[in-house]
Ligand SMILES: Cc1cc2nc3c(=O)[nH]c(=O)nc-3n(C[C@H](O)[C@H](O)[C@H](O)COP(=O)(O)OP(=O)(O)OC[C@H]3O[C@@H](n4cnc5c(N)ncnc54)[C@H](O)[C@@H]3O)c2cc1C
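One chain comes next, on its own, written as structure tokens: the form predicted alone.
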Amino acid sequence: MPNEITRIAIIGAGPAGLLLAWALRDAGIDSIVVENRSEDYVLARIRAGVLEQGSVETLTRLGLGDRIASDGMVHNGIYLQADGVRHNVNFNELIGRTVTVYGQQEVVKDLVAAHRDAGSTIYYEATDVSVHDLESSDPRVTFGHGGEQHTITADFIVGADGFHGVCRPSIPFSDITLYDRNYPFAWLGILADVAPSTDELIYALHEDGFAMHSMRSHTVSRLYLQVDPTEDIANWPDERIWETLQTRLAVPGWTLHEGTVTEKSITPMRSFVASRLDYHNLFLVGDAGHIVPPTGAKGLNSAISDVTMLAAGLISHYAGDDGLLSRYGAAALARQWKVQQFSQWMTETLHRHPGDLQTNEFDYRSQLGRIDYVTGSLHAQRSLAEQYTGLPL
């Protein structure tokens, strides 16, 4: 029965867990990562694709910025479209900040490669992962791997294991409250082998529903459509998807180029926040503690901000100062609720809401007014730019 001792035991080898392990390693603090999926599965997960400027700066500072610099697509702003009219909101001109399109799976590839080269200890395909003795000074992680039972004793355990992980449920129910909201719409997303038809991301409100044009590279486009959460992907052949995209994204004088669809899926939309991100010697980061709808591109960036704050707290702890670490939970949650309201605002502004005809039409007209106000007000655009490119830590 292998028994190991480390300072930080990290559950989850997604971007949050791998980034935290790398940031700690950079500071000379040892850790062990435990993941229940295979390395191939971790590398194949396709999620978010927009990095805030602060996220790019963090990754670059930690030596992970080479491919972001060479392959990432820097964007100065976005387009907001409503009622067939497209408006450019230029973040760089408004506040001097940008975002970068660089897929989450690319961030994970960079992290996996860095850890492999450095010889980090990462257990993939771990089974029956459990955490124990969180209230003690020696919390433990147990799991199966390679036919053996393993135990890791650590100073702290970090749950980077997502919404369905084991860490958050290990906090007694009486000590945590879960705030949850499900939205009455979902995103049908596709990847297509076609060069982007736009220089900036397009967020479009159409009378038939939301549509978005994003990208993954100079040759691959990422596009989304609002659909009902109960919709069956089988009801959406490629021809129907392109026809609907052509309708919802249309503006005079612009052409949406079509290509081979290589992936398509339907993703429900939800907001979720746990009332605490710390419990004795357990800390939560990323999806383990909160989820946002994808409209504001905040999921991966929220995880990176959690990791940045927690890493700073742990580094200070081992330097003899517990101030930052003791404030991590409250500080990360305060920032997260700001991110939640922005993601909710973007989602409710850009999606058609179900309801009776009169209510539905009133909401739609109000949404048009909201977008008209934002695109006509420099103050509103600066607020949008500040939140989209990333709030300060």
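Residue numbers run from 1 along the displayed sequence. Keep in mind the model is a prediction, meaning the values are calculated, not measured.
There is also a form predicted in complex with the ligand; it is not shown, and the following applies to it.
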Assert contact residue (the ligand, in the predicted complex, non-hydrogen atom within 4.5 Å, options Tyr183, Tyr224, Phe272, Tyr79) equals Tyr224
Picking from Ala211, Val99, Ala303, Ile152, the single residue whose non-hydrogen atoms come within 4.5 angstroms of the ligand in the predicted complex is Ala303
Taking 4.5 angstroms as the cut-off for heavy atoms, does Ala332 touch the ligand in the predicted complex? no
So, in the predicted complex, is Glu35 in contact with the ligand at a 4.5 angstroms heavy atom limit? yes
Using a 4.5 angstroms cut-off on non-hydrogen atoms, would Lys298 count as touching the ligand in the predicted complex? yes
Note to self: Please determine whether Asp110 contacts the ligand in the predicted complex, using a 4.5 Å cut-off between heavy atoms.
What the structure shows: no
Assert contact_stretch over 193-201, 319-327, 248-256, 156-164 against the ligand in the predicted complex, heavy atom within 4.5 Å, equals 156-164
Verify the flagged residues Ile68, His218 and Gln387 against the ligand in the predicted complex: is each one within 4.5 Å by a non-hydrogen atom?
no
Contacts from 246-273 to the ligand in the predicted complex (any heavy atom within 4.5 Å), listed N to C, are Thr267
